[in-house]
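There is one chain below, alone, in structure tokens, taken in the form predicted alone.
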């Protein structure tokens, strides 16, 4: 039997914790369950982590440091840059952006479930997430809206930050509700028309328009 190296064991514990936390939540899981999933003795966990929260912190910090900048912030900036010279209107760009963001979420669903659930209970981790991911992403989106305002494609009186928060809030709640109600993320939103409605509401609101005679 080939013995795992120390780094392999630590990674195995982290990967096992991601799976267990995403299924049972941080508070609903135990280190013995993580050890069983990782294929190590429970005592082995405490050679690498002092407490269960240390495992959670390691997971989130690893995600933020290793993936968040490239997967979330840089990919958002690249996406909007690639569309800057296209003939697509702003609604089409936002719809395409939403599809792309949902694919990113689906590809990292276990970690996303941990983040959505646990960051609200851990202020220190939430602070890192906001500083490293949320704020930089907001800055990219706000800069895009300000650019489109100057081009006359978005109304000049629109507050770019309010618009960005509104859109992010709509998408966040949609994703969260699907994960809570259905325990999965259905990406067939374009087929059902849900994606179109979200973007239409963002751009046009919900009030019926009256035609003046």
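Because the structure is predicted, anything quoted here is derived from the model rather than measured. Positions refer to the first chain, counted from 1.
Not on display, but discussed next: the form predicted together with the DNA.
- The stretch from 41-49, 141-149, 154-162, 167-175 that comes within 4.5 Å of the DNA in the model of the complex, counting heavy atoms only, is 41-49.
- In the model of the complex, the DNA sits within 4.5 Å of a heavy atom belonging to residue 31.
- Using a 4.5 Å cutoff between non-hydrogen atoms, residue 19 does not count as a contact of the DNA in the model of the complex.
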